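The chain below stands alone, shown as C-alpha coordinates; this is the form predicted on its own.
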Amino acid sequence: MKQLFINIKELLQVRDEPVEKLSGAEMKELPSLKNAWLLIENDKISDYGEMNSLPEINADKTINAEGKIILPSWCDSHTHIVYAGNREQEFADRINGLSYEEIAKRGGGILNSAKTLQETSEDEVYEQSAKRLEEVMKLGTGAVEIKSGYGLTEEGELKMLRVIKKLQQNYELPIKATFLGAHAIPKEYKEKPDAYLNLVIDQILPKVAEEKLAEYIDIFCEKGYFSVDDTHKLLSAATKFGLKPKIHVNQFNAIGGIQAGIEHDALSVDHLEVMRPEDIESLKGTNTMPVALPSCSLFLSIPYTPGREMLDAGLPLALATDFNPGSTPSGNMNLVVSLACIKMKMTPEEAINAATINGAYAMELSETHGSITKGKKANFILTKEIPSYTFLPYAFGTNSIESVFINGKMLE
(Lines give C-alpha, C1' and ligand atoms only; values in the text may rest on other atoms or scores of the structure.)
Protein backbone atom coordinates (compact mmCIF):
# COMPACT_ATOMS: atom_id res chain seq x y z
CA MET A 1 0.00 0.00 0.00
CA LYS A 2 1.23 3.49 -0.90
CA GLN A 3 0.30 6.46 1.32
CA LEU A 4 1.23 9.96 0.24
CA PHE A 5 1.27 12.86 2.71
CA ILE A 6 1.23 16.25 0.99
CA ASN A 7 1.49 19.92 2.02
CA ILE A 8 3.28 18.98 5.26
CA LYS A 9 4.05 22.24 7.06
CA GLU A 10 7.40 20.79 8.20
CA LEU A 11 8.91 17.32 7.93
CA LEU A 12 11.27 16.98 10.90
CA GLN A 13 14.39 14.92 11.58
CA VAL A 14 15.02 14.32 7.86
CA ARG A 15 18.32 12.53 7.41
CA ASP A 16 19.32 11.42 3.91
CA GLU A 17 22.28 9.60 5.42
CA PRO A 18 21.40 7.68 8.59
CA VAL A 19 23.32 8.57 11.75
CA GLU A 20 23.85 6.31 14.76
CA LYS A 21 23.71 9.02 17.41
CA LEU A 22 24.31 12.73 17.92
CA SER A 23 26.65 14.36 20.44
CA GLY A 24 27.34 17.83 21.79
CA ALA A 25 26.91 20.61 19.22
CA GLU A 26 25.45 18.16 16.64
CA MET A 27 22.32 18.00 18.76
CA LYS A 28 21.51 21.65 18.08
CA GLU A 29 20.81 20.78 14.42
CA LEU A 30 17.39 19.35 13.56
CA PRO A 31 17.25 18.98 9.76
CA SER A 32 13.82 19.51 8.21
CA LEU A 33 11.92 20.22 5.00
CA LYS A 34 9.20 22.87 4.86
CA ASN A 35 6.11 22.49 2.65
CA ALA A 36 6.99 18.84 2.12
CA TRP A 37 5.63 15.49 0.95
CA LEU A 38 6.26 12.02 2.35
CA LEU A 39 5.64 8.67 0.67
CA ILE A 40 5.07 5.53 2.75
CA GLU A 41 5.11 2.12 1.06
CA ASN A 42 3.71 -0.65 3.27
CA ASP A 43 5.69 -0.38 6.53
CA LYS A 44 8.61 1.76 5.31
CA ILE A 45 9.53 5.33 4.43
CA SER A 46 9.91 5.29 0.64
CA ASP A 47 10.61 8.88 -0.39
CA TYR A 48 10.14 12.55 0.53
CA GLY A 49 10.87 16.02 -0.74
CA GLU A 50 9.57 19.57 -1.08
CA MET A 51 6.15 20.09 -2.66
CA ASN A 52 7.64 22.01 -5.59
CA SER A 53 9.48 18.80 -6.59
CA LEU A 54 6.62 16.33 -6.05
CA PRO A 55 6.70 13.74 -8.87
CA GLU A 56 3.59 12.00 -10.18
CA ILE A 57 2.84 9.25 -7.66
CA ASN A 58 0.04 6.73 -8.00
CA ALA A 59 -0.84 6.46 -4.29
CA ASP A 60 -3.56 4.30 -2.73
CA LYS A 61 -4.27 7.08 -0.24
CA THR A 62 -3.35 10.77 -0.18
CA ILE A 63 -3.44 12.70 3.11
CA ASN A 64 -3.38 16.50 3.15
CA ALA A 65 -1.20 17.54 6.12
CA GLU A 66 -1.53 21.29 5.61
CA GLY A 67 -0.56 23.22 8.75
CA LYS A 68 0.71 20.01 10.41
CA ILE A 69 4.14 18.66 11.25
CA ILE A 70 5.43 15.10 10.80
CA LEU A 71 8.29 13.81 12.95
CA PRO A 72 9.60 10.36 13.90
CA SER A 73 7.78 8.66 16.76
CA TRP A 74 9.40 8.88 20.18
CA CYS A 75 11.93 6.18 21.10
CA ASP A 76 11.53 5.51 24.84
CA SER A 77 14.59 3.54 25.92
CA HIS A 78 13.87 3.17 29.67
CA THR A 79 10.53 1.96 31.07
CA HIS A 80 9.06 -0.42 33.64
CA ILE A 81 5.66 -0.66 31.92
CA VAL A 82 5.07 -4.25 33.11
CA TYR A 83 3.86 -4.11 36.71
CA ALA A 84 0.76 -4.83 38.78
CA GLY A 85 -1.42 -2.40 40.71
CA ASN A 86 -0.05 1.05 41.61
CA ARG A 87 1.56 2.93 44.48
CA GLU A 88 -0.80 5.86 44.90
CA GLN A 89 -0.68 5.55 48.72
CA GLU A 90 3.07 6.21 48.64
CA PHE A 91 2.36 9.32 46.58
CA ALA A 92 0.25 10.58 49.50
CA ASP A 93 2.94 9.49 51.98
CA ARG A 94 5.54 11.60 50.18
CA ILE A 95 3.23 14.62 50.20
CA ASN A 96 2.96 14.07 53.95
CA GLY A 97 6.74 14.29 54.33
CA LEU A 98 8.24 10.83 53.82
CA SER A 99 11.16 10.55 51.36
CA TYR A 100 11.47 7.88 48.64
CA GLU A 101 14.25 6.23 50.70
CA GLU A 102 12.15 6.28 53.92
CA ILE A 103 9.21 4.66 52.14
CA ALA A 104 11.55 1.97 50.79
CA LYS A 105 12.92 1.26 54.29
CA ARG A 106 9.34 0.66 55.53
CA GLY A 107 8.84 -2.08 52.92
CA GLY A 108 7.32 0.27 50.37
CA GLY A 109 8.80 1.23 47.03
CA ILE A 110 10.07 -1.56 44.80
CA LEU A 111 9.35 -4.22 47.46
CA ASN A 112 5.70 -3.12 47.55
CA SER A 113 5.43 -3.52 43.76
CA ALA A 114 7.15 -6.92 43.97
CA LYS A 115 4.61 -8.17 46.52
CA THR A 116 1.69 -7.01 44.36
CA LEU A 117 3.18 -8.57 41.24
CA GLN A 118 3.77 -11.91 42.96
CA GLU A 119 0.12 -11.95 44.04
CA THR A 120 -1.23 -11.10 40.56
CA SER A 121 -1.76 -13.68 37.81
CA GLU A 122 0.36 -13.51 34.66
CA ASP A 123 -2.74 -12.92 32.54
CA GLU A 124 -3.83 -9.98 34.71
CA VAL A 125 -0.30 -8.47 34.65
CA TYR A 126 -0.40 -8.75 30.86
CA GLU A 127 -3.81 -7.03 30.60
CA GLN A 128 -2.72 -4.13 32.83
CA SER A 129 0.58 -3.73 30.97
CA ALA A 130 -1.02 -3.92 27.51
CA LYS A 131 -3.31 -0.99 28.44
CA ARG A 132 -0.29 1.08 29.47
CA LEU A 133 1.56 0.17 26.28
CA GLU A 134 -1.41 1.23 24.13
CA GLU A 135 -1.62 4.48 26.10
CA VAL A 136 2.02 5.42 25.39
CA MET A 137 1.69 4.46 21.72
CA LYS A 138 -1.21 6.92 21.38
CA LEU A 139 1.06 9.54 22.96
CA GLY A 140 3.56 9.05 20.13
CA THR A 141 5.92 6.31 21.32
CA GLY A 142 6.94 4.06 18.43
CA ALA A 143 9.75 2.04 20.06
CA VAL A 144 10.12 1.08 23.71
CA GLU A 145 12.30 -0.80 26.17
CA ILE A 146 10.65 -2.61 29.10
CA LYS A 147 12.43 -3.95 32.19
CA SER A 148 11.60 -6.68 34.66
CA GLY A 149 12.58 -5.97 38.28
CA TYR A 150 9.31 -6.16 40.23
CA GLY A 151 9.46 -9.94 40.56
CA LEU A 152 12.53 -10.28 42.82
CA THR A 153 12.01 -14.07 42.82
CA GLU A 154 12.78 -16.54 40.05
CA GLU A 155 9.07 -17.07 39.39
CA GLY A 156 8.25 -13.34 39.52
CA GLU A 157 11.07 -12.21 37.23
CA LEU A 158 10.34 -14.91 34.64
CA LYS A 159 6.64 -14.00 34.81
CA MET A 160 7.44 -10.36 33.97
CA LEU A 161 9.74 -11.30 31.11
CA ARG A 162 7.14 -13.68 29.68
CA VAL A 163 4.63 -10.82 29.76
CA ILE A 164 7.12 -8.61 27.86
CA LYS A 165 7.57 -11.42 25.31
CA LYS A 166 3.81 -11.65 24.84
CA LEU A 167 3.64 -7.88 24.28
CA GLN A 168 6.41 -8.24 21.66
CA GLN A 169 4.34 -10.88 19.89
CA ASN A 170 1.06 -8.95 19.99
CA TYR A 171 2.15 -5.38 19.16
CA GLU A 172 3.91 -4.12 16.05
CA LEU A 173 6.28 -1.57 17.54
CA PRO A 174 9.77 -2.76 18.55
CA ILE A 175 9.87 -3.73 22.24
CA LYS A 176 13.25 -4.42 23.83
CA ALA A 177 13.38 -6.61 26.97
CA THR A 178 15.74 -6.00 29.89
CA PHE A 179 16.34 -8.35 32.84
CA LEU A 180 16.49 -6.24 36.03
CA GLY A 181 16.52 -8.94 38.73
CA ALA A 182 18.98 -6.77 40.70
CA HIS A 183 16.47 -3.95 41.21
CA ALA A 184 16.23 -4.18 45.02
CA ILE A 185 17.09 -6.64 47.79
CA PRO A 186 14.01 -8.66 48.91
CA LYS A 187 13.04 -8.48 52.57
CA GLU A 188 14.07 -12.09 53.25
CA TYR A 189 17.59 -11.33 51.96
CA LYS A 190 18.02 -8.08 53.88
CA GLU A 191 20.73 -9.58 56.12
CA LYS A 192 22.37 -11.55 53.30
CA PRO A 193 22.27 -9.41 50.13
CA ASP A 194 25.14 -11.37 48.55
CA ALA A 195 22.96 -14.49 48.60
CA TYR A 196 20.26 -12.69 46.60
CA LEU A 197 22.75 -11.48 43.99
CA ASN A 198 24.07 -15.04 43.71
CA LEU A 199 20.48 -16.25 43.16
CA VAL A 200 20.08 -13.70 40.34
CA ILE A 201 23.38 -14.75 38.75
CA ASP A 202 23.36 -18.51 39.30
CA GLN A 203 19.68 -19.39 39.00
CA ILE A 204 17.59 -16.73 37.25
CA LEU A 205 20.07 -15.38 34.68
CA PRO A 206 20.73 -18.81 33.02
CA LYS A 207 16.97 -19.37 32.66
CA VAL A 208 16.43 -15.89 31.19
CA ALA A 209 19.16 -16.64 28.64
CA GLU A 210 17.96 -20.18 27.93
CA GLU A 211 14.41 -19.00 27.21
CA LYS A 212 15.72 -15.96 25.26
CA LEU A 213 13.61 -13.61 27.39
CA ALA A 214 15.90 -10.55 27.37
CA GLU A 215 18.53 -8.76 25.30
CA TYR A 216 19.81 -6.52 28.08
CA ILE A 217 20.89 -6.75 31.73
CA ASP A 218 20.30 -4.00 34.30
CA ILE A 219 21.17 -3.34 37.94
CA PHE A 220 20.31 -0.51 40.35
CA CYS A 221 23.81 0.61 41.33
CA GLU A 222 23.02 2.84 44.30
CA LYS A 223 23.61 3.15 48.06
CA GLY A 224 21.21 0.82 49.88
CA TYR A 225 20.69 -1.29 46.75
CA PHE A 226 23.66 -2.77 44.85
CA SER A 227 27.32 -1.75 45.04
CA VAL A 228 29.85 -1.11 42.29
CA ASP A 229 31.40 -4.53 43.09
CA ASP A 230 27.95 -6.13 42.70
CA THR A 231 27.61 -4.34 39.37
CA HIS A 232 30.93 -5.70 38.08
CA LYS A 233 29.99 -9.20 39.25
CA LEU A 234 26.56 -9.22 37.57
CA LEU A 235 27.66 -7.58 34.31
CA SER A 236 30.59 -10.00 33.97
CA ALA A 237 28.22 -12.95 34.43
CA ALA A 238 25.68 -11.52 31.97
CA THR A 239 28.33 -11.06 29.27
CA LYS A 240 28.80 -14.84 29.16
CA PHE A 241 25.12 -15.15 28.21
CA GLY A 242 25.28 -12.38 25.60
CA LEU A 243 23.21 -9.82 27.56
CA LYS A 244 24.36 -6.21 27.11
CA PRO A 245 24.28 -3.76 30.05
CA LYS A 246 21.77 -0.86 30.33
CA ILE A 247 22.09 0.21 33.94
CA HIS A 248 20.59 2.49 36.63
CA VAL A 249 23.32 4.80 38.00
CA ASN A 250 23.77 8.14 39.82
CA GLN A 251 20.12 8.61 40.79
CA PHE A 252 20.72 9.68 44.38
CA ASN A 253 24.49 9.23 44.80
CA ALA A 254 27.56 9.09 42.56
CA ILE A 255 29.41 5.95 43.66
CA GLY A 256 31.25 4.90 40.49
CA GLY A 257 28.41 3.17 38.64
CA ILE A 258 29.04 5.10 35.42
CA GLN A 259 32.65 3.96 35.31
CA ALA A 260 31.58 0.35 35.97
CA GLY A 261 29.08 0.56 33.11
CA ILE A 262 31.67 1.97 30.72
CA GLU A 263 34.15 -0.76 31.68
CA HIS A 264 31.56 -3.34 30.56
CA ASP A 265 30.73 -1.36 27.38
CA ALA A 266 27.21 -0.57 28.57
CA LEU A 267 24.81 0.46 25.82
CA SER A 268 23.42 3.11 28.19
CA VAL A 269 23.75 4.51 31.69
CA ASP A 270 20.44 5.88 32.93
CA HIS A 271 19.20 8.43 35.52
CA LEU A 272 22.34 10.57 36.07
CA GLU A 273 20.63 13.09 38.33
CA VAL A 274 23.88 13.39 40.34
CA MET A 275 26.88 14.00 38.06
CA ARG A 276 30.45 14.79 39.13
CA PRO A 277 32.98 16.32 36.70
CA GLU A 278 34.80 12.96 36.58
CA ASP A 279 31.56 11.21 35.57
CA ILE A 280 31.12 13.53 32.59
CA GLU A 281 34.80 13.10 31.70
CA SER A 282 34.51 9.29 31.86
CA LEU A 283 31.73 9.24 29.26
CA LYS A 284 33.70 11.17 26.64
CA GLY A 285 34.67 9.09 23.62
CA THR A 286 32.75 5.98 24.73
CA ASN A 287 29.99 4.01 22.99
CA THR A 288 27.76 4.41 26.06
CA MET A 289 24.66 6.61 25.76
CA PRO A 290 23.78 8.73 28.82
CA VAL A 291 19.99 8.69 29.37
CA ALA A 292 18.08 11.32 31.37
CA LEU A 293 14.67 10.68 32.95
CA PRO A 294 13.29 14.14 33.78
CA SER A 295 9.74 13.09 34.68
CA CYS A 296 11.24 11.03 37.54
CA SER A 297 12.90 14.21 38.83
CA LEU A 298 9.56 16.01 38.55
CA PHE A 299 7.64 13.33 40.46
CA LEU A 300 10.22 12.75 43.22
CA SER A 301 11.34 16.40 43.51
CA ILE A 302 14.98 15.39 43.06
CA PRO A 303 17.61 17.18 40.92
CA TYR A 304 17.39 17.01 37.14
CA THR A 305 20.16 15.48 35.06
CA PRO A 306 22.55 18.36 34.17
CA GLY A 307 21.78 18.02 30.46
CA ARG A 308 23.08 21.45 29.46
CA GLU A 309 26.43 20.80 31.13
CA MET A 310 26.72 17.35 29.53
CA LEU A 311 25.90 18.58 26.02
CA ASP A 312 28.28 21.52 26.36
CA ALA A 313 30.98 18.98 27.30
CA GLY A 314 30.36 17.26 23.96
CA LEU A 315 28.41 14.24 25.21
CA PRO A 316 25.39 12.64 23.56
CA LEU A 317 22.16 12.44 25.56
CA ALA A 318 18.92 10.48 25.22
CA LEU A 319 15.60 11.13 26.95
CA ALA A 320 13.23 8.46 28.31
CA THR A 321 10.23 8.28 30.64
CA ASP A 322 11.18 5.73 33.35
CA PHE A 323 7.43 4.83 33.34
CA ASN A 324 6.91 2.89 36.60
CA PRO A 325 4.44 2.76 39.52
CA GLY A 326 6.65 4.35 42.18
CA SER A 327 8.75 7.19 40.83
CA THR A 328 7.26 8.00 37.39
CA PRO A 329 3.67 6.87 36.81
CA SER A 330 3.66 8.40 33.31
CA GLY A 331 4.86 7.21 29.93
CA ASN A 332 4.26 10.57 28.25
CA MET A 333 7.32 11.36 26.13
CA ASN A 334 5.81 14.71 25.17
CA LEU A 335 6.06 15.78 28.81
CA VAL A 336 9.63 14.45 28.96
CA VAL A 337 10.63 16.59 25.96
CA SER A 338 9.01 19.64 27.61
CA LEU A 339 10.77 19.03 30.94
CA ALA A 340 14.11 18.67 29.16
CA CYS A 341 13.62 22.16 27.73
CA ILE A 342 12.12 23.76 30.84
CA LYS A 343 14.22 22.16 33.57
CA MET A 344 17.37 20.88 31.84
CA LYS A 345 17.87 23.94 29.59
CA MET A 346 17.94 21.88 26.40
CA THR A 347 16.78 23.53 23.20
CA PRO A 348 13.73 22.06 21.41
CA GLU A 349 16.09 20.74 18.72
CA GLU A 350 18.30 19.01 21.29
CA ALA A 351 15.32 17.54 23.14
CA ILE A 352 13.71 16.17 19.97
CA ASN A 353 17.03 14.66 18.86
CA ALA A 354 17.45 13.11 22.32
CA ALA A 355 13.94 11.61 22.22
CA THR A 356 14.22 10.21 18.68
CA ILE A 357 17.58 9.30 17.16
CA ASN A 358 19.51 9.03 20.44
CA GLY A 359 16.66 7.11 22.07
CA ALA A 360 16.82 4.69 19.14
CA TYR A 361 20.58 4.28 19.68
CA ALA A 362 19.96 3.38 23.34
CA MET A 363 17.89 0.40 22.07
CA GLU A 364 20.17 -0.50 19.12
CA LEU A 365 17.48 0.69 16.70
CA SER A 366 19.37 3.49 14.91
CA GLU A 367 19.29 1.63 11.59
CA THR A 368 15.49 1.31 11.53
CA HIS A 369 13.98 4.04 13.73
CA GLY A 370 14.50 7.56 15.06
CA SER A 371 14.62 9.61 11.84
CA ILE A 372 12.83 10.27 8.56
CA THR A 373 15.19 8.30 6.31
CA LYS A 374 14.42 6.23 3.23
CA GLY A 375 14.15 2.55 4.11
CA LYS A 376 13.47 3.12 7.81
CA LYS A 377 10.26 1.92 9.45
CA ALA A 378 7.28 4.24 8.99
CA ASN A 379 6.82 5.00 12.70
CA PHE A 380 5.94 8.67 12.96
CA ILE A 381 3.73 11.34 14.51
CA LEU A 382 1.34 13.61 12.61
CA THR A 383 0.63 16.68 14.73
CA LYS A 384 -2.48 18.81 14.81
CA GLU A 385 -2.18 22.24 13.18
CA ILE A 386 0.50 23.94 15.28
CA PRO A 387 2.63 27.08 14.73
CA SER A 388 6.03 25.30 14.84
CA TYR A 389 7.81 22.34 16.40
CA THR A 390 8.81 24.56 19.34
CA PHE A 391 5.12 24.54 20.25
CA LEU A 392 5.44 20.84 21.20
CA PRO A 393 7.61 21.42 24.31
CA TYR A 394 6.18 24.93 24.89
CA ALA A 395 2.54 23.83 25.27
CA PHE A 396 3.43 21.17 27.85
CA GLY A 397 -0.15 20.47 28.91
CA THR A 398 -1.59 20.23 25.41
CA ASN A 399 -1.85 17.04 23.36
CA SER A 400 -0.69 18.29 19.96
CA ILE A 401 -0.77 14.84 18.34
CA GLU A 402 -3.45 14.13 15.74
CA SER A 403 -2.34 10.64 14.66
CA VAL A 404 0.40 8.11 15.31
CA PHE A 405 1.59 5.67 12.64
CA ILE A 406 3.32 2.38 13.44
CA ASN A 407 4.74 0.42 10.47
CA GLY A 408 2.74 2.73 8.20
CA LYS A 409 -0.58 1.97 9.90
CA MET A 410 -2.50 4.67 11.74
CA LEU A 411 -3.35 3.73 15.32
CA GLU A 412 -7.10 3.56 15.84
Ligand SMILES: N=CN[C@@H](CCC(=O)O)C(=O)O
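Every value quoted in this text rests on a predicted model; they were computed, and no experiment measured them. Numbering starts at 1 and runs along the sequence shown.
Beyond what is shown, the protein has a form predicted in complex with the ligand; the following relates to that form.
Comparing 204-212, 320-328, 91-99, 115-123 against the ligand in the predicted bound form, the single stretch with non-hydrogen atoms within 4.5 angstroms of it is 320-328.
Interface residue among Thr231, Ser73, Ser268, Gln251 relative to the ligand in the predicted bound form, by the heavy atom within 4.5 Å criterion: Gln251.
Proximity to the ligand in the predicted bound form, taken as a non-hydrogen atom within 4.5 angstroms, holds for one residue of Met275, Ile110, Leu311, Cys341, which is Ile110.
Here the marked residues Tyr216, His264 and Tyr361 all miss the ligand in the predicted bound form; none has a heavy atom within 4.5 angstroms. When contacts are judged by a 4.5 Å heavy atom cut-off, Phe179 does not count as touching the ligand in the predicted bound form. In the predicted bound form, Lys246 stays away from the ligand, with no heavy atom inside 4.5 Å.
Shown alone here, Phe226 lies farther than 4.5 Å from the ligand in the predicted bound form, counting heavy atoms only.
Residue contact with the ligand in the predicted bound form: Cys296 places a heavy atom within 4.5 Å of it. Counting a residue when any of its non-hydrogen atoms is within 4.5 Å of the ligand in the predicted bound form, the hits in 78-113 run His78, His80, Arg87, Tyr100, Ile110.
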